[in-house]
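Consider the single chain below, provided in structure tokens and representing the form predicted alone.
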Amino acid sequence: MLSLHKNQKGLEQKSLEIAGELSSIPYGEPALVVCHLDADGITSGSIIASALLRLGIAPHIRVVKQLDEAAIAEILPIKAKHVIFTDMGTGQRQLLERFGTYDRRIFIIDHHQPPPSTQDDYNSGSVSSIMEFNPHFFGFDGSTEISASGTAFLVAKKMSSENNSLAPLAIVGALGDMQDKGDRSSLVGLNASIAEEAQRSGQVAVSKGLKLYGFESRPLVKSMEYTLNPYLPGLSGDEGACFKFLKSAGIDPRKQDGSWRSISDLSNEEIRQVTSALIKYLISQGLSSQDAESVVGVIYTIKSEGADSPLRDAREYASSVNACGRLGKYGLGVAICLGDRADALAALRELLLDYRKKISGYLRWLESNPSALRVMNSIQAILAGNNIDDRMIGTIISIAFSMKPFTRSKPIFGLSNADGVVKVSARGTPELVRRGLNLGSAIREASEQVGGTGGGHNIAAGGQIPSGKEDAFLSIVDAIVAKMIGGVKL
């Protein structure tokens, strides 16, 4: 049941309005879709592109790291009267207002927190040349209840009932944005409604199990070895350690013929043994019982994908698309989302090996460089400099919550050098958000005070600041977070 402050009718009307405008683009006319490089960005852009393609419109997809003047300068030469921004734009309205003067129709399909000025404009009915669809305007929390891909799906559904088949992509985007904040890591709010719809239509199966990488399709040893989020201390990235762990838990990782055993080869009792042993092991490594038990959760399986495909488990699908974006293989990520299961899938398998190697390397660097960690009154930060790719710093700090010596009692900030500026990413926890944390507004305020920009969600946000302003930024944002949640000393 929706809360009274949530305007479901308004949400439906706005999605229908946007859908009508997009559907009216003349047949064969080019349209430009601009999206962010992460899993939610690429899936949301692909959802809109798929819906346009099915109407005979010719979409061109441009994936960007962030929406700033440099990105706009690259976009301007592309000839398209209709430009749709997905998973970005709400925080860059003023910039896009100028962009809209070039005889273009601008659309924003986003789920990030609107800046106060944008929310005020919407509440007052201020007229804009930009058509914007953001669930926050209707009382829905874009950080937990619906992602950009889900918002795009709501529009695509109104364009044609054929687009109901895009529901799995909406689920993938939500999981990529870590919106599985319900009981046992389930989706909530509008995300849950989309998942239920996909389940009823037979597109997705929903079950409970270990949230290990490719747990359904991969050998158990490899599944544990490849699991990085949650990070399994002493196991992630180490096949030998995973083998020994399973043996000590009374599980033989191999069949009699010497081949690896997967989940389908284990009895229910053996599955319980593995689960119990893994939870006890994680607690012994310093994780709280709550964090350790989070390895068990709701699994979303895309039934149309092959049993051994990295796209069958929706979380693995999200990780795969995210890898494409983080490694700059944007076209590959889009091709996967648009349905290429031939050359693109083969290329993806190779890319995932490289992605896991890079993440493991960054985590090893982090573990061997404790001086890169700065613990302050209300925040903890990783000062990565040039040691972690700025496109991957967000992934690393998300994993860091499961690593020593990090604590879940403070949000994590990651700072990484990027093209003459410093990229900032931050992650919190649901408990911190309940206590008042709003990383989107905290980063926006602190970044602006040092000459940068930023924004995002209450639980996850990002921005960029000038080089040399790292200390000043951290000091300011530490004070802001302290006012939000109260100082917490270790």
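From a predicted model like this one, the values you see are computed outputs, not experimental measurements. All residue numbers refer to positions in the sequence shown, first residue = 1.
If you look for the form predicted in complex with a small molecule, you will not find it shown, but the lines that follow are about it.
**Student:** Against the small molecule in the model of the complex, would Asp87 count as a contact residue? Criterion: heavy atoms within 4.5 Å.
**Tutor:** Looking in the model of the complex, residue contacts with the small molecule include Asp87, since a heavy atom lies within 4.5 Å.
**Student:** Though only this chain appears here, would Ser425 touch the small molecule in the model of the complex if you measure heavy atom gaps against 4.5 Å?
**Tutor:** Yes, contact at 4.5 Å.
**Student:** Spell out, yes or no, whether the shortest heavy atom distance between Thr301 and the small molecule in the model of the complex is within 4.5 Å.
**Tutor:** No, Thr301 sits far enough from the small molecule in the model of the complex that none of its heavy atoms falls within 4.5 Å.
**Student:** Taking the small molecule as it sits in the model of the complex, is His136 in contact with it (heavy atom to heavy atom, 4.5 Å or less)?
**Tutor:** Heavy-atom contact with the small molecule at 4.5 Å: absent for His136.
**Student:** Given a 4.5 Å cut-off on heavy atoms, tell me which of 7 to 15, 462 to 470, 477 to 485, 21 to 29 is the interface stretch with the small molecule in the model of the complex.
**Tutor:** It is 462 to 470 that comes within 4.5 Å of the partner.
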